[in-house]
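Given as structure tokens, the chain that follows is alone and in the form predicted alone.
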């Protein structure tokens, strides 16, 4: 059968798209194996390949992160062929387009029955494993827990009263699904922002308990949307917004954001303390601080001082603070839903290494809190040594601090400490402890 010229041309474009995918996938996998984040290496490669259009970039990005998301099972099934693994991972996440699926299939070292797996993305997690095992005549169906490194299960604690297997499967389900991008609207404008985003064709919703938090489950250009909606929103994950809610900044307070990063929480704090208050934002990384300075200037905030500083060594201005937010560096296991490659480049020793750093940071910032002041410790990880153990050890050496019960922003009950689990948004997983310095 002779193809029409436009059909043949479209097919050649699809074949070339798949060839580019294979080239980039090979390079990103090598980078991840050497410890480089996949998104960083992917961005570098795409910047150097200006001929790759927006559609191809989305195809490459989606396939790449599906590969890392499902790599635990691909390894368990023994699928070493790169394009076969990439196609199967893609089918686990979404329906394959006809041309792209066929082009990828032609580059596989084995036959992948596309028709038998066309509804694979719709199946529940356990059923996915069974369908693939049957279609490929594999010896076994891997467990959901195998989608994460074995050491992870040794480092977390299942909450009391929860059945271990069911809780673990729920966690895996959430970490296998990329959560929405969460935005923080100016106070009182969350519903308006969600409505304007929907008018732009984006699926947007306000969180029922944090009405200024708006989740968007589709990629979008933030700068362009700020202009079109006329609303100065900030991109900030729901869990991060919860940490500031627990901090509870009040007008006139002096607050230290001790590991400020790109300034999302700093902006939220500065808006709450108002012009009578003051925020000191510090971080050791100059690149992220430049982003913070830019965002603060864009908001026209005059009550923030930004300083590059090592929390463990710096001589900082400000004297005693009413409150300190320490969003400490951590192993990041709570962000594995957004960064699936991180689960395979995070070493087993990372939680304990970070735990030592976190303990020193807690002890250092505690000295800068006035009697009656509050220290909020947050980490986007789920490991025990960086969360419950870190707080317990800190309290064992600082008898002048005590855990303070706070209302959980997402479930409206008093807890101490608090867990933001990935299914609560969905969002990043985070641990938050509020520590009150006795007067």
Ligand SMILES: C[S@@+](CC[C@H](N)C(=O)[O-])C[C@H]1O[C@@H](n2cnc3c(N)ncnc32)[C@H](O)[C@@H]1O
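Remember, predicted model here, so these are calculated numbers, not experimental data. Positions refer to the first chain, counted from 1.
What comes next is about the form predicted in complex with this ligand, which does not appear here.
Peer 1: Can any non-hydrogen atom of residue 130 be found within 4.5 angstroms of this ligand in the model of the complex?
Peer 2: It does not: once this ligand is placed as it appears in the model of the complex, residue 130 has no heavy atom within 4.5 Å of it.
Peer 1: Determine whether any heavy atom of residue 184 comes within 4.5 Å of a heavy atom of this ligand in the model of the complex, and answer yes or no.
Peer 2: Output for residue 184 is no: heavy atoms all beyond 4.5 Å of this ligand.
Peer 1: With the partner left out here, check for me: in the model of the complex, does some heavy atom of residue 327 sit within 4.5 Å of this ligand?
Peer 2: Residue 327: yes, in contact with this ligand in the model of the complex.
Peer 1: Contact between residue 310 and this ligand in the model of the complex at 4.5 Å, heavy atoms?
Peer 2: Yes, residue 310 is a contact residue.
Peer 1: Only one of 102, 353, 285, 134 gets a heavy atom within 4.5 Å of this ligand in the model of the complex. Which one?
Peer 2: Checking each option against this ligand in the model of the complex, the one that comes within 4.5 Å is 285.
Peer 1: Which residue, 259, 346, 176, 339, has a heavy atom that falls within 4.5 Å of this ligand in the model of the complex?
Peer 2: By the 4.5 Å heavy-atom cutoff, the listed residue in contact is 259.
Peer 1: With the partner removed from view, which of 83-91, 245-253, 276-284, 218-226 is the stretch that lies within 4.5 Å of this ligand in the model of the complex, judged by heavy atom distances?
Peer 2: It is 276-284 that comes within 4.5 Å of the partner.
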